[in-house]
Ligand code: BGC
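Take a look at this single chain in structure tokens; it is the form predicted alone.
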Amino acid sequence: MKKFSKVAVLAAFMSTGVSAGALHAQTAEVLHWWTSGSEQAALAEVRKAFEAKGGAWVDTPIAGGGNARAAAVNRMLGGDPASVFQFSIGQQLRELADQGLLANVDKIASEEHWDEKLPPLIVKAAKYDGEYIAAPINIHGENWMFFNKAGLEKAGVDVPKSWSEFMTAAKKLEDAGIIPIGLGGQPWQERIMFNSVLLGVGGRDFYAKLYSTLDDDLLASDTMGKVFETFAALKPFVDESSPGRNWNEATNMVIKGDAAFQFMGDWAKGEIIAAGVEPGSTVGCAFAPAIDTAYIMTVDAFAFSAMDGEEEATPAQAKMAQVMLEPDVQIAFNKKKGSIPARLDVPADSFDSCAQMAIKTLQDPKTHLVSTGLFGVPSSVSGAIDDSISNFWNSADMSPQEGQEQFRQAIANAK
């Protein structure tokens, strides 16, 4: 199918008198994992802008982030790379750069002053040897707490600002016949809730130091013990049907009022909008309870294959990088994706109230934290974190102390 698509594009251009050389220079095959309706609608905004500037887009969607990342790597190693591919910024992408498989887009990044317009943590993660190897297109936040306003009102509880307040509210919600927490039973979802507890109990400085150093003393600390005790105390407030549930099913539980809260990334807004609900209205949004304000960021980005061994981007790759960070594209894309712009200088007034809260929060660099899902830590450590948290959450007989020690050992073995 990929070869047919390229032939079709070539035929279309040849019929208008455009040379094959010019076509190659302006054509970008874009490999990605955005296959849902809302994701496709968001990506279409980038495609529209790219084609308006004379680019030719060859679309290669592959369902599932892991599948798409593997396909991108395998094609590079096989000598048939996609010129532009969706990937997670961080250590795994740097490993591809180590092997000379990536082109850099530093020229366009310098011309457009990306260093000044992107959060410092993202600047660092998107570079290799001081040069940009990826174009970050958005920022998702993971430490959101979505809630059904009618459910809270029925139970007579306010939006909790601490985890002790949350426990009290959860008991009242149970008494009112409402499931306190809508949770999907998958390791990455359990990790998102755990990291919200870690931030809430330990604070942003503890969170940042723990995951930047993976220090054994911090992992064995009393603060970490309190994190596991708090996380364990949430178990009774999740219904028995949670295991195996998808995240969007849990979101719909909150939309319908079957569950009161969901701890999830802001992509949940896509489901909320699809249900005809404006985020922040009947389904409210707040940061998960915490002792200080922070935003756990995860980033969608696109990287660029080294074509014919060249280290610098082709004209099509450079054009794609430029288009992705244009203010109008950042706004149009992110409003449909449920995320916020990667650029911090984009006006926020047209976004929903939840997104505006996020954009305002990120104006303070002290709030910037990284997700542990393929961004903030090496991929081997990321997997160990998810597995350890999931094992503790799903083990009825494991004490918080045992869970903490298992977590410490898992990270130590994965480093």
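Residue positions are given as counts along the sequence shown, with the first one as 1. What we label the rigid core is the largest C-alpha set whose atoms superpose within 1.5 Å from one form to the other. Note that this is a predicted model, so its numbers are computed, not measured.
There is also a form predicted together with ligand BGC; it is not shown, and the following applies to it.
- None of the heavy atoms of Q330 is located within 4.5 Å of ligand BGC in the model of the complex.
- For T298, a non-hydrogen atom is located within 4.5 Å of ligand BGC in the model of the complex, even though that partner is not displayed.
- In the model of the complex, at least one heavy atom of W188 sits within 4.5 Å of ligand BGC.
- Of the heavy atoms in W33, some are within 4.5 Å of ligand BGC in the model of the complex.
- Between the options K127, H140, K319, R204, the residue in contact with ligand BGC in the model of the complex by a heavy atom within 4.5 angstroms is H140.
- Of the candidates F231, F237, F302, W247, W247 is the one whose heavy atoms come within 4.5 Å of ligand BGC in the model of the complex; the others do not.
- In short, of 52 to 60, 352 to 360, 382 to 390, 33 to 41 it is 33 to 41 that has heavy atoms within 4.5 Å of ligand BGC in the model of the complex.
- Here F351 does not count as shifted, since its C-alpha moves by less than 2 Å between the shown form and the other one after the core is aligned.
- Once you line up the core between the shown form and the other one, the Cα of I62 ends up 2 Å or more from where it was.
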